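Before any questions on binding or motion, here is one chain by itself as structure tokens, the form predicted on its own.
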Amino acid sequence: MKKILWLCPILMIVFAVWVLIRLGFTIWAAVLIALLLVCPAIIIYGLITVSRHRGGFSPETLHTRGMPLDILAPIYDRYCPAVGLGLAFRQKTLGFAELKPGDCVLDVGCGTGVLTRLADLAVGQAGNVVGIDPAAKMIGVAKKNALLQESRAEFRLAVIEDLPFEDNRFDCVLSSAMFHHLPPDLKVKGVSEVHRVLKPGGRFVLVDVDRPTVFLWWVILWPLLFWSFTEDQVKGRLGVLMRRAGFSGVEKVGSWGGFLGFWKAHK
């Protein structure tokens, strides 16, 4: 499934080229326009999502200047595996977390809770796993799935920039494909909050958009260099942010699909 991610930019370009040709552009003009406009279109979608006046959020969705993904909740569990972010991706994330029976774990931006429930299996009966997300519809799906799968994982509405937990509570904090939903100041505050709730020696595993290692992703993602939500990440500065929050042993430990990076740090 990991290789499917490499196909995403190709499929995006091909679809855009097809649409432009149908509109009357020559094939070479269509290719050029597609390369220049596909990613800006994604950014525009993100800006619309962040807008205070955008419809589609549940009334219970928490106020945040990040990007709650209520609108994707009904299809999220099908969408992620379809683009290569399925079980293998989740297992790789947990491999870096090195969870042990009895660990207390927090999953920030848990979405529908797939990673959270897998973490619950890893820590066993003696452990405790909590998933948080600001999107009410995501948490609703997560709770439903946990009930169906008889998972002990807990889910609640909360935001990373104001974690509702006491200091030094968790052995490990996970963040999977959520960080690019935050503006720069919330990233700083969020990582500081993660540091606060971790026990001394605790681990923070973050996987998110990073400096692309595949040229084709540069062709698609170059506009992200000009969007505040993603600029530092595309420039490879996630490690710098984690160190500024007080983390030690910060290291990029892996990558996925050519544009997602795995980072690990300790308190």
Ligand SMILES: C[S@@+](CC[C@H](N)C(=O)[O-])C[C@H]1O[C@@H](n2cnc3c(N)ncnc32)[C@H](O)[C@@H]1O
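Keep in mind the model is a prediction, meaning the values are calculated, not measured. Residue numbers here begin at 1 and follow the sequence given.
Although not depicted, the form predicted in complex with the ligand is the subject of the following passage.
Judged by heavy atoms within 4.5 Å of the ligand in the model of the complex, the contact stretch among the candidates 233 to 241, 213 to 221, 61 to 69, 198 to 206 is 61 to 69. Within 4.5 Å of the ligand in the model of the complex, a heavy atom is found for all three of R90, C110 and V159. Though the partner is left out of this view, V105 does not reach within 4.5 Å of the ligand in the model of the complex, counting heavy atoms only.
Using a 4.5 angstroms limit between non-hydrogen atoms, H181 touches the ligand in the model of the complex. In the model of the complex, the ligand stays beyond 4.5 Å of every heavy atom belonging to L99. With a 4.5 Å cutoff on heavy atoms, A177 counts as touching the ligand in the model of the complex. With the partner removed from view, the residue among V129, A142, A135, C172 that has a non-hydrogen atom within 4.5 Å of the ligand in the model of the complex turns out to be A135. Of the listed positions (C80, V194, A153, L118), a single one reaches within 4.5 angstroms of the ligand by any non-hydrogen atom in the model of the complex, namely C80.
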